[in-house]
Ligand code: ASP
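Only one chain is given next, in structure tokens, and it is the form predicted on its own.
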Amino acid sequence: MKKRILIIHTGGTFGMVPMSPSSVLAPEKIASHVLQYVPELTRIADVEFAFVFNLDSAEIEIPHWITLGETIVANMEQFDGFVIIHGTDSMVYTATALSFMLRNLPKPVILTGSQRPLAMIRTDARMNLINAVELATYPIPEVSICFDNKLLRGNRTIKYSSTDYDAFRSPNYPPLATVGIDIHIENTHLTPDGAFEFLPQFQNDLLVLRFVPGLSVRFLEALLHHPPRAIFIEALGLGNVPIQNNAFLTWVENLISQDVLVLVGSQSPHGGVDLSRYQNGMELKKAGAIGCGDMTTEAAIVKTMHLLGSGLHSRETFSRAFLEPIAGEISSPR
């Protein structure tokens, strides 16, 4: 018996009308359009379609994440797997948010999309969707991204290219599956260790700051008067910022003295943050900053939103939860 797969359409390049790139398909035409160009889907599974919104993915925000989560929860018993058609620009953020909301997920939830619309010549949309639907019939119960013949853990993924078909990478975790002549399941996926839960709490009281050499702290001092609940700093290398001219470090210390959560990530996608390796990072850690381990920037940002939304505001409780994996987004402390 074929598996039942729900395809959830959210917009993006995938469904654009090729002769008029600014146009998008009407909701009632999505299913017929997809099946016109990808009739093989019905040989893989019994597919049905749901339309939740039709947006450029740059427009997708927390309420849209929650709507997607609610749609999956409402259909969890009726389907064996879920495929979400999504714009590529913010796909990683949505996948990460879903991985935190859908705790102990019992079935596959796979996001996919394309760099060219489905109806265009040389589109990548057709193969991405075929692969995603077929992989959704496998017992890989986590939120993932299927793109260019790879299945990647959603909350470990970054968007690497805005033009290549190989648009996504997972710098610190191996693929969950690869697709060639055969489908090869790597057995690196999660398995549920408790009852399925839906936890759609997010709070976006967060500012992201990319450190650059020569950054003038005087532009940042205004934040001391109206600070956010958390600040994420994309630092250098393993989490380094300057300490010889201690203006930046003093600014961090002043934030922490006001009970602001200061999180430190890295501008290097591969590797991670280790605030105990160099003196620069040690000073940040001593001040009370929290390193992000090998989480991606996107995962650390969305996880912060989720933990704040869950009511974890004290540094001690937040730090403990932040450094423990929720859905495989960070390597467990050794």
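All residue numbers refer to positions in the sequence shown, first residue = 1. Here the structure is a predicted model, which is why all the values come from computation and not from measurement.
We do not show the form predicted in complex with the named molecule, though everything after this point is about it.
In the predicted complex, residue 170 touching the named molecule (heavy atom, 4.5 Å): Flag for residue 170 set to no.
Residue 46 within 4.5 Å of the named molecule in the predicted complex, heavy atoms: So residue 46 does not count as contacting the named molecule.
Residue 50, heavy atom within 4.5 angstroms of the named molecule in the predicted complex: No, residue 50 is distant from the partner.
4.5 angstroms heavy atom contact with the named molecule in the predicted complex for residue 280: No, no contact at 4.5 Å.
Listed residue that, although the named molecule is not shown, lies within 4.5 Å of it in the predicted complex (heavy atoms), from 240, 157, 88, 94: Only one option qualifies, and that one is 88.
One residue of 70, 56, 40, 61 in contact with the named molecule, assessed in the predicted complex (non-hydrogen atom, 4.5 angstroms): Comparing distances to the named molecule in the predicted complex, the residue within 4.5 Å is 56.
Which of 200 to 208, 107 to 115, 94 to 102, 178 to 186 sits within 4.5 Å of the named molecule in the predicted complex, heavy atom basis: So the stretch in question is 107 to 115.
Contact set, 274 to 313 vs the named molecule in the predicted complex - heavy atom within 4.5 angstroms: Going through 274 to 313 in order - heavy atoms within 4.5 Å of the named molecule in the predicted complex - there are no hits.
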